[in-house]
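Below you will find one chain, with nothing else, as structure tokens; this is the form predicted alone, and questions on how it binds or moves follow later.
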Amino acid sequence: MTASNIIPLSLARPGSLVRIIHVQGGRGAFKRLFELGIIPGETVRVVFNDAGPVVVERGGTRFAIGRGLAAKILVEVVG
């Protein structure tokens, strides 16, 4: 893994499998994502990321994450 492989979730391509590396938000953002299971080390699939919220799938459940919050989630593309 190199720093160049790490991108904000808001830039991940639809269909890609990404691993959460770091959340840059404050306590509220981290708590909200923690409740959804979107935590560092978890892997999610990007379902939709063209306009509006970013839709990701984890464990068969889809979540919509606002584009601003998605920009604070750093991910590594793994597939």
Partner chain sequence: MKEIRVALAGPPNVGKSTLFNMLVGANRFVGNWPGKTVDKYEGFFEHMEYSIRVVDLPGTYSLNAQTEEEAIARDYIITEKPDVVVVLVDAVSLETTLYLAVQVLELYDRVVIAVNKIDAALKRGIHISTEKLSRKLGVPVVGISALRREGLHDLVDTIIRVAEGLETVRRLKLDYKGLDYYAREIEHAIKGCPKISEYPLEWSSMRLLEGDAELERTLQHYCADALGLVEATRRRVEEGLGSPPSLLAASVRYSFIDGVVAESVTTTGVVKREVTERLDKILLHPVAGPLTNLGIILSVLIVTLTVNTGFPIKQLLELTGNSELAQVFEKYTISGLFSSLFDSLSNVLAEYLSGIRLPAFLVSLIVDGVIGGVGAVLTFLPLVFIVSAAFGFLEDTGVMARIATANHSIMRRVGLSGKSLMPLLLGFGCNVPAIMGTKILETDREKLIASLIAPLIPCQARLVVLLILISALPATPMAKVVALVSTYAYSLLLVAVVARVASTFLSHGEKPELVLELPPYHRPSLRVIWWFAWDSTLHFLKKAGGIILGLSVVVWLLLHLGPDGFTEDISSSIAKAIGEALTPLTAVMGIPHWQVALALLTGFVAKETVASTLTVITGTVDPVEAVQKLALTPAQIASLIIFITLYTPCLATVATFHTQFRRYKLTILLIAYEFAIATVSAVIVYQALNLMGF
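What you see is a predicted model; the values in this text were computed from it and never measured. Positions refer to the first chain, counted from 1.
What comes next is about the form predicted together with the partner chain, which does not appear here.
Contact between V44 and the partner chain in the model of the complex is not found at the 4.5 Å heavy atom cutoff.
Mapping the unseen interface onto this chain, L11 falls outside it, with no heavy atom inside 4.5 Å of the partner chain in the model of the complex.
A residue is said to contact a partner when one of its heavy atoms sits within 4.5 Å of a partner heavy atom; G68 meets this definition for the partner chain in the model of the complex.
Among residues of the shown chain, V55 is one whose heavy atoms approach the partner chain to within 4.5 Å in the model of the complex. Taking the partner chain as positioned in the model of the complex, the residues of 59-79 that bring a heavy atom within 4.5 Å of it are, in sequence order, G59, G60, T61, R62, F63, A64, I65, G66, G68, L69.
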